[in-house]
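Here's a solo chain for you in structure tokens, the form predicted alone.
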């Protein structure tokens, strides 16, 4: 037991300074107190808010609940939301369990947490189509970040990656990139972030991102639907993706571990101290179960390495060597910088370094939006278009972003555009606020207009920007255009433009889901929290 404690303290001392969670894919308890996952029955003895990566551990948790006669309720929440929840000081859960420690370090300003412990480890790696990895020489030996940058600059490699300000996998990879590119690779500093050479190099590297996401799990779904070459994600999720790729008859991904830019997810479980002895006892018992040898072995079998970074021989078949996984390789992650440097780096990512966003908000001004609908839509837009609010949400566009308002009601209204992240963005909000409400729901015509703008004015949209069409409607499309006609226009444009939709009011789930399927996008539920839905969808570009 002393050895176990020593190892645990050692791991924590290495990783506690930073690391990032990946949570994502929110699923919260409803008004009846039902959790997204509940092990056992009756009132919960222990409630946890966790990253959705932990969903794969539900059978293990269920087994514990049944054998011990306890009830564990889990809600899934995004990384930034877990951080904000901690910062608020009002945490209605007994424990937090994100993918990595960075959001706990940044969020626990009021020192609410106790007993933080690593429960598993997963490196964040590049998964590159096997034949492309061979072509690029990535299967010949160790790969440095410079090798990856050369492949990007030569036009041979593009990759999908989650947003660094919305997801742990993106944040972790990004901090790893910055560390490798800095003059002080032992630990990134604020001075490094001011270096113009680093600015140029990280911008060049991130220009290789061809699709973004606010969720690591959803990035896998996207990858499986499309014809992409590579993605940055957790080792465990790429292993899961490979199984599905093989089932689809596609070639698997080769896992590339950039030696000088490697980061990890450490999946910390921590207790939120509400000074309730029974809750504290229930937490410690559950945490001990997760760290027990038998449970750690079960976690390894899911594709996540043990809390010590190891994989028992009995579980090594879950990590195929032909996919580039070398379990004998020592995992040497980058050292995380101070919390203030991480915060500065994330702000620079959002406002300067990432590929600029091209966002077209297609907004419903039909008669049914009059009153509360319009008020809530404007309250949501206030959070993404007013620079001060967007900055607080880590959603402020870059200075090169272009943002459109495409209003529709009986017909498509006058379109307005704003450049950058300052006065023109604020002016867009004022424009949207002053538009009249009333008339029918020419939804498909509004989307078609957004596609026309991209097709005519941005011939290299996917090379120069991360584009997205964001649709909000509370009704059923009743204009002259049919979905089949819109589908034909989309296919003719022939660009990888996601059409994200926000459900509101009596919007047709079928119509919005069809738009998402047409464009490899997703639908966000804004009926409970419209502001939150706008914030989340903006995190996808």
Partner chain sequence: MKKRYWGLAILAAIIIAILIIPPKADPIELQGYLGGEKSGLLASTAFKEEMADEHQLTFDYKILGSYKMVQTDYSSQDYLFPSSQLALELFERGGGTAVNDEIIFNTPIVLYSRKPIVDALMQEGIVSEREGVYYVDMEKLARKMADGVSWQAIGLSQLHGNLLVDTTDPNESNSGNMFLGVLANALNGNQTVNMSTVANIEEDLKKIYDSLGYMQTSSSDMFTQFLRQGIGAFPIIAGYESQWLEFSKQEHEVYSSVKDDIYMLYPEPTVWSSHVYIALIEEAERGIDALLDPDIQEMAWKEHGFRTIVSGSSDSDEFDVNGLADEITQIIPMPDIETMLYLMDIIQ
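This one's a predicted model, so the numbers in the text were calculated from it and none came from an experiment. Residue numbers count along the first chain shown, from 1. Rigid core here is just the name for the largest C-alpha set that superposes within 1.5 Å across the two forms.
The discussion below concerns the form predicted in complex with the partner chain, not included here.
A single residue from the set 457, 221, 424, 259 has any heavy atom within 4.5 angstroms of the partner chain in the predicted bound form; that residue is 259. Among 392, 187, 244, 400, the residue placing a heavy atom within 4.5 Å of the partner chain in the predicted bound form is 187. In the predicted bound form, the partner chain lies farther than 4.5 Å from every heavy atom of residue 300. When the partner chain is considered in the predicted bound form, residue 289 lies well away from it, no heavy atom lying within 4.5 Å. The partner chain in the predicted bound form comes within 4.5 Å of a heavy atom belonging to residue 332. Among heavy atoms of residue 273, some come within 4.5 Å of the partner chain in the predicted bound form.
Listed stretches are 264-272, 313-321, 246-254, 465-473; the contact stretch with the partner chain in the predicted bound form is 264-272, by a heavy atom cutoff of 4.5 Å. Contact annotation for 106-121: residues with any non-hydrogen atom within 4.5 angstroms of the partner chain in the predicted bound form are 106, 111, 114, 115, 116, 118, 121, listed in sequence order. When the rigid core is held fixed, the Cα atom of residue 284 travels 2 angstroms or more between the shown form and the other one.
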